[in-house]
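Only one chain is shown below, in structure tokens, and it's the form predicted alone.
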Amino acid sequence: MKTLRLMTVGGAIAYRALFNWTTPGMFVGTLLVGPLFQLLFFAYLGRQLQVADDRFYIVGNAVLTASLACVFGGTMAVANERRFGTLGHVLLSPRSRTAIFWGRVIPYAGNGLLIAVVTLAVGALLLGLRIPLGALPGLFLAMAAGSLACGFFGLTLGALGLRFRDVWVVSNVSVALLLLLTGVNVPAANLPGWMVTVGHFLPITHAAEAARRLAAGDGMAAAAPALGQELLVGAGYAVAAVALLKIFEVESRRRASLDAL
């Protein structure tokens, strides 16, 4: 129970302290309106080029929109502690660092899930996409899995902030790679083989596939394998984040560079 409280309460407090947005208008404009325009852009571009139907772009981009808050949020969970000079206090805590940092991913994943749900609902309403009511619980689960995997992916990038000074360059490039390599806007059949292979090891790829199957009415049984792969990818990044945090913490202590910017 103490560990659970550390992950939930501690994660919520860290979210309020480290996730930087100045006004509600900034939050809505950046995380809700911006992704919606991205969805509309690719949907109309897809119509013009006749690459895929509206369902492909609406569902794929709705899942992808979670990446913005989750990747940057997960990065902030570590990098902003260093930026504000409080990282040393966190690392001196006798509590489990694994629980501390994994708990910080939860609010960002919830934030990403909110963005994905809003984007899907508004995009479907504007473009006239009909989604079977029976598919909604599965869609929610697919978007939640994608958001959680993206959060751990962001935490892994944040761990690099213990070694590199400007981790935000890495985060920005990573978000662009998710747009390109996960197959949300270009069907995997049209991508080079090496891109498809890399995409299998990134978050969102399998969540988008599962969500599309559900939105098409194929049922949970058809989407379950892709959903399981997404959870496996998220678990892999969760382990990688903890390992990198430990390695770079030891290295930073040895170099006396823990709080150096």
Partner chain sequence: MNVLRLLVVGTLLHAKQISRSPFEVAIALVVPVVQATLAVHLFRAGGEQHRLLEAAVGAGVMGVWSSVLFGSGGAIQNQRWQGTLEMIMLAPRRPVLVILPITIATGVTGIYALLATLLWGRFLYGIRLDFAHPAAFVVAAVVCVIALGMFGLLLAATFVLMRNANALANTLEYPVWLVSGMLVPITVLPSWTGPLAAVLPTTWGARALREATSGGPVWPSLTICLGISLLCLALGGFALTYVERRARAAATLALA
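Treat the numbers as computed from the prediction; the structure is a model and nothing was measured. Numbering follows the first chain given and starts at 1.
Although it is not shown, the form predicted in complex with its partner chain is what the next lines describe.
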Checklist entry - Among 89 to 97, 167 to 175, 112 to 120, 74 to 82, which stretch has residues with heavy atoms no more than 4.5 Å from its partner chain in the predicted bound form? => result 167 to 175
Checklist entry - Within 4.5 Å of its partner chain in the predicted bound form, heavy atoms considered, which of 198, 235, 222, 51? => result 51
Item to check | Contacting member of 136, 188, 179, 129, with respect to its partner chain in the predicted bound form [4.5 Å, heavy atom] | outcome: 179
Next on the checklist: Using a 4.5 angstroms cut-off on non-hydrogen atoms, would residue 45 count as touching its partner chain in the predicted bound form?
Outcome noted: yes
Checklist entry - Quick one: is residue 40 in contact with its partner chain in the predicted bound form, heavy atoms, 4.5 Å cut-off? => result yes
Item to check | its partner chain contact at residue 216 in the predicted bound form, heavy atom, 4.5 Å | outcome: no
Checklist entry - Looking in the predicted bound form, any heavy atom of residue 228 within 4.5 Å of its partner chain? => result no
